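Let's start with one chain on its own, the form predicted on its own, as structure tokens.
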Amino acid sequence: MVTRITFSVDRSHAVKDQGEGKYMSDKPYQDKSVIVTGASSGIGRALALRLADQGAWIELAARDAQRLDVLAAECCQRGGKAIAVPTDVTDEAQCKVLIERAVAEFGRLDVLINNAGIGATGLLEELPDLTLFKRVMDVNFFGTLHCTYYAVKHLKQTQGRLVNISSMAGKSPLPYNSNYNASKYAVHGFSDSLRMELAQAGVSVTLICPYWVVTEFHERLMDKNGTPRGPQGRAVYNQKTMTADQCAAITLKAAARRKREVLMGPGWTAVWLRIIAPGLADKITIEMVLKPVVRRAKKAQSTG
């Protein structure tokens, strides 16, 4: 099959095609059973609402039970079916229950969206121990692994879709984020390997790599001691930053068309630059990405 480079909803977001049919329904998720982890806020919440608008059957997973209940009610009001299943994706047993509950409730599993994620910043040598580093790996990588492991046999029965929400950090890393970068690189390798394993079964694996997206992520981003940044964390965003709803729209369209990858923001430019001139890519990352973010964060801290 010839691999094509196409473009998604926003032409600044390059999409690498895994193969798609000629016909695409206006509501490709109608009456489809979908699990969304990390659904209580941000991209996960936006995904759930868009799926509900299409009449999907959604199982919502996150640790915040109260938020999930509110979201489930909103999804039902918008035309979907929804159940809230509080889940800590670092707990393998809970992930097993999550998958089994979806199949029991809806009769099958068509789509698994692994979206749950956390992050922490700081120099590796300044971490008091490796607890926080391992926590990030547990949520971002092992959380994806746990859910996927128990979902695969069900996805094979429906020739379903696996969607892993990663990050551009899995392609073009930032300094002071070694734990987050490592977790996302692991998700990338896992996704690319699994895609080949599942190809003959008709299960697609779509890897989504957002750039900066306006969510609560940076409010919850932890420092080296595990303390969240709080409201001032939003200072990293600006007026041009993509919204969670925009990210969700691109994600669902790509998954419906069984795309291989979606790279947002600088996307393929960053990837190719890191291949042909890695030293230059490092300098550009620090000067054009990291330093402006740090400046905005310090300004917010001084005026907060």
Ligand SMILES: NC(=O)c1ccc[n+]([C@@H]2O[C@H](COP(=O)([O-])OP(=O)(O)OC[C@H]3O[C@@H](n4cnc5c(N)ncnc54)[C@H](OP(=O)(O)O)[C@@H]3O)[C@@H](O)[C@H]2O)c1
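Residues carry their position along the shown sequence, with the first being 1. Remember, it's a predicted structure, so these values are computed and weren't measured experimentally.
The same protein also exists as the form predicted in complex with the named molecule; that form is not shown, yet it is the one meant from here on.
Trainee: With the partner left out of view, is residue 171 within 4.5 angstroms of the named molecule in the predicted bound form by any non-hydrogen atom?
Mentor: Answer no; every heavy atom of residue 171 is more than 4.5 Å from the named molecule in the predicted bound form.
Trainee: Can any non-hydrogen atom of residue 253 be found within 4.5 angstroms of the named molecule in the predicted bound form?
Mentor: Result no; residue 253 lies far from the named molecule in the predicted bound form.
Trainee: According to a 4.5 angstroms non-hydrogen atom cut-off, is residue 160 in contact with the named molecule in the predicted bound form?
Mentor: No, residue 160 sits far enough from the named molecule in the predicted bound form that none of its heavy atoms falls within 4.5 Å.
Trainee: Could you tell me if residue 186 has a non-hydrogen atom within 4.5 Å of the named molecule in the predicted bound form?
Mentor: No, residue 186 stays farther than 4.5 Å from the named molecule in the predicted bound form.
Trainee: Looking at heavy atoms inside 4.5 Å, which stretch does the named molecule contact in the predicted bound form, given the options 225-233, 152-160, 110-118, 171-179?
Mentor: Flagged stretch: 110-118.
Trainee: Of 60, 52, 43, 263, which residue is found within 4.5 angstroms of the named molecule in the predicted bound form when only non-hydrogen atoms are counted?
Mentor: By the 4.5 Å criterion, the partner-contacting residue is 43.
Trainee: Quick one: from 212, 141, 106, 133, grab the residue that has a heavy atom within 4.5 Å of the named molecule in the predicted bound form.
Mentor: Spelling it out, the residue with a heavy atom inside the cut-off is 212.
Trainee: Scan 142-175 and note down the residues that get a heavy atom within 4.5 Å of the named molecule in the predicted bound form; none is a fine answer too.
Mentor: 165, 166, 167, in sequence order.
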